[in-house]
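Here we start with a single chain on its own, the form predicted alone, put down as structure tokens.
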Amino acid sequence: MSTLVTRRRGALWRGMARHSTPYLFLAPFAIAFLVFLLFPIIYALLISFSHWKNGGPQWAGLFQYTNIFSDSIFWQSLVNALVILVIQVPVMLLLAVIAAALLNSPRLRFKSVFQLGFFLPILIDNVAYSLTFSFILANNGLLNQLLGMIGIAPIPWLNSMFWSKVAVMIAMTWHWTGYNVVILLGGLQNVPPEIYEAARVDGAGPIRQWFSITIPMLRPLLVLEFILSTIGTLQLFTEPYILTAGGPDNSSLTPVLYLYQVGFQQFHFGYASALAYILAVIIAIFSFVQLRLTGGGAIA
């Protein structure tokens, strides 16, 4: 009798161990997700409804959120990000499409070398390449020295309200174009060559093939890249922080950089949390509108 009970208990424990093994493997991720992602999100939401007084948070309701509507600096930072978004992202994606089409050409030799050259900037850390561009675009930097050699006056890349935005766009375009090239190149390589052959038989030239085949086939990837670029631009921090520190006169200030200044320089944690949630809502709205306008990137 005791042997039978022992066997049943052993079978029960083995069954429990077998069913619990997947959960044990998932436990590290679940714990990390709860501690480092879910808890900060919930805590930041609670903090956004409070203000700090006497070393601790006190309930303030919607006070922090109502202040945002009258915060001219935040709205200026958002406009700065939108200017970069409207100008830099289309230029970057256009360059990426052209480069991907050239790299996909059967006439191009040493493709792997050129592909590696386009992808190398992605491997460089944001801080490292931003510091490099801060030296290149300085008043006596390499770019101004080259311009001086051809008789062009130095440009205040980092000290002008206009050129500071241009400097950020130049750095971002150099760093992120290659990333988009690699994605688009993968899409082009999946286009059956028979489609282009049929188009040539029907008399379609390179330009007609470009607009009638290449662009429509890349539409889902272009929509994806545009949405990702929109999110990345609205979350822009490293480049303006290192290149211009948001100046001059907040001309290159971005929402995340302003959030950083409010939270970690002025120590208004409640207001910074409210800014973070408002920015998250704005990003969600932009992404939703883009998906609706483009039909989710479906090929027509």
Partner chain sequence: MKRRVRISDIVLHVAVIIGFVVSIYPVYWMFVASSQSNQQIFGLKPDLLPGVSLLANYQDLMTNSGINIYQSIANSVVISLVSTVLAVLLATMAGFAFAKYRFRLSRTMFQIILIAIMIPPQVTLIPLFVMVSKVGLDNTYWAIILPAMVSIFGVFLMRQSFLSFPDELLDAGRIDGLNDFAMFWRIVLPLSRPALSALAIITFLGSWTNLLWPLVVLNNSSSYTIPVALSTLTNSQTQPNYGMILLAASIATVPMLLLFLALRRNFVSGIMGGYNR
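For clarity, every value in this text was computed on a predicted model and none was experimentally measured. Positions refer to the first chain, counted from 1. Heads up, when I say rigid core I mean the largest set of C-alphas that superpose within 1.5 Å between the two forms.
If you look for the form predicted together with its partner chain, you will not find it shown, but the lines that follow are about it.
- For the candidate spot formed by 128, 140 and 183, every residue has a non-hydrogen atom within 4.5 angstroms of its partner chain in the model of the complex.
- Here the chain stands by itself, but in the model of the complex one stretch of 146-154, 68-76, 81-89, 161-169, 146-154, has heavy atoms within 4.5 Å of its partner chain.
- Site annotation in the model of the complex: the residue of 198, 228, 213, 94 reaching within 4.5 Å of its partner chain with a heavy atom is 228.
- Shown alone here, residue 223 lies farther than 4.5 Å from its partner chain in the model of the complex, counting heavy atoms only.
- Residue contact with its partner chain in the model of the complex: residue 61 places no heavy atom within 4.5 Å of it.
- When its partner chain is considered in the model of the complex, residue 251 lies well away from it, no heavy atom lying within 4.5 Å.
- Within this chain, residue 40 lines the site of its partner chain in the model of the complex, having a heavy atom no more than 4.5 Å away.
- Taking its partner chain as it sits in the model of the complex, the stretch 22-41 comes within 4.5 angstroms of it through a non-hydrogen atom at 22, 23, 24, 25, 26, 28, 29, 30, 32, 33, 35, 36, 37, 38, 39, 40, 41.
- In the core-superposed comparison between this form and the one not shown, the C-alpha atom of residue 40 has shifted by at least 2 angstroms.
- With the core held fixed, the Cα of residue 30 is displaced between this form and the one not shown by 2 Å or more.
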